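The chain that follows stands alone, in the form predicted on its own, written as structure tokens.
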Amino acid sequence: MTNLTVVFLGTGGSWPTPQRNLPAIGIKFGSEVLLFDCGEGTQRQIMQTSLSFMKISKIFITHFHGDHFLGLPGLIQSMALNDRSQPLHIYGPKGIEDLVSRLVSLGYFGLTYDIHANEVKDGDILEFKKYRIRVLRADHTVPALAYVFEERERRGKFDRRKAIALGVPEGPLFGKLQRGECIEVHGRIIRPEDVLGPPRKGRKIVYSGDTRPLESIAEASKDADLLIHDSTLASDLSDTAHEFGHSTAKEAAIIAKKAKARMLALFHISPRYAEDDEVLEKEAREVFENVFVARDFMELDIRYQN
């Protein structure tokens, strides 16, 4: 079983406040750290959590408004100053290659590792050993993306009674079958599928980035363990939210309800709610019960449901 933890590094939008830094989400999957957006000051936020910026293997940028990427130059340079040798992969919309090229040329410093910039678009699926990242279009005022983290299916549950009925003695051979290995018992080959139930779904996390409400994000969030959705303003300012390419807290809740998500995190909170964000959670909870306003340094373990 691989531990999966979401760390909210920055939960505000537009500019930082004493209560909230700019957008950044860390996902710790086993020993690997994935970073989604990197607002100004993200590296210092990381230092106040359980994460290590040296463990970040991949960074996913949603769009090129400054509050979502201006933390990259400092983070890149700090990695070099700490003698990083592992490559870093940065993903983002069209223009990410040029952006990264410019960022690594700022000031006088030398890179100690390779950086690979990767342009992605709506519909792309990035396949990795234990998970995949699906890329979606977001509806913002500039080209923008949303991302879906999907853990691969796990093996089915081990049926001890079936194994014993097939003559498998309790002990190390049980473990081999559970790890997906074939074994031989009295000249007979026992396969894992003989004693394992159907594959079980992996965990799923959706990060909308900045977006107006979209049916496609609701569809992609189906049965998500956690939906982190733009909730910049309350419903009394819905026209303003839409004008600037954002959603209200209530609209985020409607998306979560349609998706039958397990949890909803209200994210990208406007500075106007710096002192009091209760109105956002209140209006969202009228639509979707399992909701909370994300706050800097929250850490959330995503557990298996089956």
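The model shown is predicted, which means the values in this text are computed figures rather than measured ones. Start at 1 with the first residue shown and count on from there.
One more form of this protein should be noted, the form predicted together with a further copy of the same chain, which is absent from this view; the next part is about it.
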property: Contact test, all of T42, L99 and P143, partner a further copy of the same chain in the predicted bound form, heavy atom 4.5 Å; result: yes
property: Candidate stretches 195 to 203, 175 to 183, 106 to 114, 231 to 239, one within 4.5 Å of a further copy of the same chain in the predicted bound form by heavy atom; result: 106 to 114
property: Distance check, L81 to a further copy of the same chain in the predicted bound form, heavy atom within 4.5 Å; result: yes
property: Contact flag, G66 vs a further copy of the same chain in the predicted bound form, heavy atom cut 4.5 Å; result: yes
property: Contact label in the predicted bound form: P73 to a further copy of the same chain, heavy atom within 4.5 Å; result: yes
property: Non-hydrogen atom contact S50 with a further copy of the same chain in the predicted bound form at 4.5 angstroms; result: no
